[in-house]
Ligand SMILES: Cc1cc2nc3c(=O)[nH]c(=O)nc-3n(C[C@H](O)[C@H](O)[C@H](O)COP(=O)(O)OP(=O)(O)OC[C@H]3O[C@@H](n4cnc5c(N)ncnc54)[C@H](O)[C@@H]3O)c2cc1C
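Read the single chain below, which is given as structure tokens and is the form predicted on its own.
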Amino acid sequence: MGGFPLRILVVGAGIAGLAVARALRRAGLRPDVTERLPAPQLPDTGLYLPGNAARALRLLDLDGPVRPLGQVIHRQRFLDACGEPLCEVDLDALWAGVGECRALPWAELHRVLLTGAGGEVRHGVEPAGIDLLPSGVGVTFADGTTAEYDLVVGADGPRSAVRSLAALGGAPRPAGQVVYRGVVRAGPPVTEWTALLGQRAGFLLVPLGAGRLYCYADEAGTVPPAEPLTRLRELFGGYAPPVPEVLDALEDVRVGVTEEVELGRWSRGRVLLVGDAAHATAPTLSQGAAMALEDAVVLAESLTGTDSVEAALAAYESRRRPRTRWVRDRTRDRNRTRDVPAALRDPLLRGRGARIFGEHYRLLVDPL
């Protein structure tokens, strides 16, 4: 583009920011990457990557380092709270020709992306001011230093500082669930992705390999409890095995609330939002990381395939909007099922559940 290297700042060193940095470096660009938090203490939690995430990792040439990690997931089993089968989704068939589904520790994917991004991440650095210039962006950092860039990419999550500073939107809105996450070691053996669905609540178990289980639970609400482990045991202790045994083995739980970000536009001048900063949804479809990885691939392609930054940002948004809108709408569709009484929901899922749940990913099977 223009015959000179672009000066690019990527704000945020989570999955979205590191994926963008990796994609840009593969395109011959050398972004600066900043992260407001100090050198990371990576969370002990898990991550499920559907087939479209595997495809994006392949396009970033990171499928090799990821392949030995975690566990390939071949099917999803949905049960009621008593452990009776509702439906199963054949993931190998659903994502055939796209990529395999994998569960792995979040920290392990982060380390792969950090290595793949190359260059140094400047930790403890955050923007305090953004000035939109005629052909660039002036950035003032919290320590008082300043710099000018051709493009600033906000990859700093649902509560993005870049989004606020660039006047692209305010705070995220609650999506309506309290979520609990943890990892169990030496717990009961679980070999398949298994979800037990209660009334306005659910408990998910995902094997991560090496005897580890990723536990994800949610309930309707917007206020996290003061004692999350106590609340988990109170809410799910009566579910079918192996949930009680998992709860007994669970020692540490991360609790939060789901949030949505829905914006009229993702860029202003030469400031662009990606990942959860632009289009966060509840994690019901496990698409947060996948959408961030796809964003990175498409952004690099847009920057190298157009004549100006402005044209690249327009091309990027026109390609990404339909897929992220699909994820948002299908996420809302699936979340609405939590409000359906089990007496109505369960017969529907036993008859049509595999088709309904598989349909939620139909657009995402298509190429980026």
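We number the residues from 1 along the sequence you see. In this text, all values refer to a predicted model and were calculated from it rather than measured experimentally.
One more form of this protein should be noted, the form predicted in complex with the named molecule, which is absent from this view; the next part is about it.
(request) Report yes if any heavy atom of D252 sits within 4.5 Å of a heavy atom of the named molecule in the predicted complex; otherwise report no. (result) Because no heavy atom of D252 falls inside 4.5 Å of the named molecule in the predicted complex, the answer is no.
(message) I'd like to know whether L69 contacts the named molecule in the predicted complex, with contact meaning heavy atoms within 4.5 angstroms.
(response) No.
(request) Although the named molecule is absent from this view, report whether L49 comes within 4.5 Å of it in the predicted complex, heavy atoms only. (result) Flag for L49 set to yes.
(message) Within 4.5 Å, heavy atoms only: does E260 come near the named molecule in the predicted complex?
(response) Looking in the predicted complex, residue contacts with the named molecule do not include E260, since no heavy atom lies within 4.5 Å.
(message) Given the stretches 126-134, 77-85, 227-235, 261-269, which is the single one in contact with the named molecule in the predicted complex, using a heavy atom cutoff of 4.5 Å?
(response) Contact criterion met by 126-134 only.
(message) For a quick test of understanding: in the predicted complex, does each of P105, E294 and Y361 have a heavy atom within 4.5 Å of the named molecule?
(response) No, the candidate spot makes no contact with the named molecule.
(request) State the residue from R36, R319, R332, R325 whose non-hydrogen atoms include one within 4.5 Å of the named molecule in the predicted complex. (result) None of the other options qualify; the answer is R36.
(request) Only one of L273, L196, A289, C101 comes within 4.5 Å of the named molecule in the predicted complex by heavy atoms, so just point that one out. (result) Only one option qualifies, and that one is A289.
(request) At a 4.5 angstroms cut-off on non-hydrogen atoms, which residues of 213-242 are near the named molecule in the predicted complex? List them in order. (result) Residues within 4.5 Å: Y214, Y216.
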